[in-house]
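Take a look at this single chain, the form predicted alone, given in structure tokens.
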């Protein structure tokens, strides 16, 4: 996952299937304004809890945006990156199982597919519970994300997960104590807000009462 030998930046192709930048103009209180936006896919995220072993199931992966963000914040630029000074591990995140909505299927069916592809669990859509709907990236994209919850068992595990095609995704199991530490006051995480919100929702609504 972290065997990255070279990094560099380039212009965004106009035909990118994932990100389309543009500028929106509007008049507010008689004043013309504008805002630079990104059109991105909506997405799903799934809180997974393995009841057989009482473990939260998350995924670990290298995120170029996080790697770039860490370096740009520290250095002010992303030129001639020294991989020994900035190892790729600083761009590795711990997240909920998730995926973009880019198929003509129900959102729950897409969530089911992501669980199978990324984490190796095969369940019916009837076992997937809707948690909440919200907007992510409100300053840049305003994309919609739906969060789901699903309890799985070892019997539901049909493969090792890890993603499809050239994805490199590691399945990570967290104890309930490890999950709680991620959302304690003062915690520092390389995790997106949706993951931390999902963990807090889990501990407030689904975690075993003795935790």
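Residue numbers count along the first chain shown, from 1. Keep in mind that this is a model prediction, so the values were computed, not measured.
One more form of this protein should be noted, the form predicted in complex with a small molecule, which is absent from this view; the next part is about it.
Check your understanding: Three residues, 63, 98 and 194; all within 4.5 Å of the small molecule in the predicted complex via heavy atoms?
Key -> Checked in the predicted complex: all three residues contact the small molecule.
**Study point:** Partner contact for residue 25 in the predicted complex: the small molecule, 4.5 angstroms, heavy atom
**Key:** Flag for residue 25 set to no.
Check your understanding: residue 154: heavy atom within 4.5 Å of the small molecule in the predicted complex?
Key -> The answer is no: residue 154 has no heavy atom within 4.5 Å of the small molecule.
Practice item. Look up in the predicted complex whether residue 167 has a non-hydrogen atom within 4.5 angstroms of the small molecule, and give yes or no. Key: Looking in the predicted complex, residue contacts with the small molecule include residue 167, since a heavy atom lies within 4.5 Å.
Practice item. Please determine, with the chain shown alone, which of 67-75, 83-91, 110-118, 125-133 has non-hydrogen atoms within 4.5 Å of the small molecule in the predicted complex. Key: Of the options given, it is 110-118.
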